[in-house]
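Just one chain follows, in the form predicted alone, and it is written as structure tokens.
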Amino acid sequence: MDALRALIDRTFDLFFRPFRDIHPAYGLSAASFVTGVMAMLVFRYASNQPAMRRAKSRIQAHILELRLFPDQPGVVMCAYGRILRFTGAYLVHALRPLLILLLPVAIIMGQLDLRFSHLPLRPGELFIVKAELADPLAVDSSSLAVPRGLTLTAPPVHIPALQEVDWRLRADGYGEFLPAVIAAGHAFPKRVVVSNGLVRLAVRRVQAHLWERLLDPGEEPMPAGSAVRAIEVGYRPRIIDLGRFQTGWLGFFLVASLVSGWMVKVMLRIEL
């Protein structure tokens, strides 16, 4: 599983490399276009297109029947029954491509979230590292090992009721750093990125199951049963600035991928 996740990470890193130092809308547009095209091709080749066309035609015919004979209850009831029947048939034909798309689309969205949901830190920026501990007794004894390139700017804040400790740090320069939470005699590092480009950012490092490590990529999860349940870095949320409009990455992705898919659908006459 780890080898597969590493391969997926490297593949997406290669895809986004040309977009690293330009406006994030370009990279997000490219990913949305590929996703939309992929979805339409899967629908074309994994579904029974003639059967879907027939089902849609029968549904439209029976809707027309309702409009033509509204004053004949028997005809209306039969038409409603046939509409439900052919709608069910249509959904059955559409189910196979939807199931095929489920996993790849989940992986794509996980990778996009890593790159577009938050901004990397900038030199001089203050940020918070938060640790959630498994043992409330370890809250007061935990500490943070700070590498060169980061500076601790305030004493830690202990919150026993939440089993949480917060540290405020400053990024002194560009690079990738590994501050480590020390708890129960063990060190738990967390990757911190200071950059002005498009990079992978894992906001949280948590204890995770194998399937979660594929669908929600980022860093190596912490061992199950460890003294630290999660470590979080306070990156700022990213807003995609489109001039008069601003949006999060998810809204942009959904609209752009739907537009791309619709264009391919029209050109290839794909039935949906």
Partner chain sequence: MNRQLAASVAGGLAAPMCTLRQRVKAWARACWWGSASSSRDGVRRPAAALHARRNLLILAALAMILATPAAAHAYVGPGAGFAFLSSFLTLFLAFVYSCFAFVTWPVRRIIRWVRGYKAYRRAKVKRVVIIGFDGMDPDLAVRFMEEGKLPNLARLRDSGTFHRLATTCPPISPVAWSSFMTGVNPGKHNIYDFLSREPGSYLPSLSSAQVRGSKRKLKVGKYAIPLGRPRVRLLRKGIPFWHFLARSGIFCSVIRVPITFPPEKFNGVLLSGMCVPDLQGSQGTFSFYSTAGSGTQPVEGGVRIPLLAADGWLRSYIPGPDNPLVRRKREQLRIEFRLRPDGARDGAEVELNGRRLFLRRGEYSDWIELKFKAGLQVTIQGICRFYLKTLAPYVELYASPVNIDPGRPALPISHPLIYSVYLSKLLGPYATLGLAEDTWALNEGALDDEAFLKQCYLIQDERERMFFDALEKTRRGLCVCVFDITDRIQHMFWRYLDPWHSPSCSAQGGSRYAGVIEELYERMDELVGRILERAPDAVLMVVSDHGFKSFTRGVNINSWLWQNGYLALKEGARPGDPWFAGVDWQRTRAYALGLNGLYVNQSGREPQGIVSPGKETQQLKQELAEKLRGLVDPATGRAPITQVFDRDRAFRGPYRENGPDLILGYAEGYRAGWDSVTGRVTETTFEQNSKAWSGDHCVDPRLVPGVLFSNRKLTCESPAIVDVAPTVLEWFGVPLPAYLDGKPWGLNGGACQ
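Everything quoted here is computed from the prediction, not taken from an experiment. Positions refer to the first chain, counted from 1.
The form predicted in complex with its partner chain exists for this protein as well; it is not shown, and the discussion that follows is about that form.
Heavy atoms within 4.5 Å of its partner chain in the predicted bound form are found in one stretch of 154-162, 127-135, 102-110, 185-193, which is 102-110. Interface residue among I59, L28, I240, A230, judged by heavy atoms within 4.5 Å of its partner chain in the predicted bound form: I59. Here is the short version: of L114, A171, L198, A94, the single residue with a heavy atom within 4.5 Å of its partner chain in the predicted bound form is A94. Though the partner is left out of this view, I63 does reach within 4.5 Å of its partner chain in the predicted bound form, counting heavy atoms only. None of the heavy atoms of D140 is located within 4.5 Å of its partner chain in the predicted bound form.
Using a 4.5 angstroms threshold between heavy atoms, S47 stays clear of its partner chain in the predicted bound form. Interface membership of L178, defined by any non-hydrogen atom within 4.5 Å of its partner chain in the predicted bound form, is ruled out.
In the predicted bound form, the residues of 247-272 lying within 4.5 Å of its partner chain by at least one heavy atom are, in order, L250, F253, L254, S257, L258, G261, W262, R269, L272.
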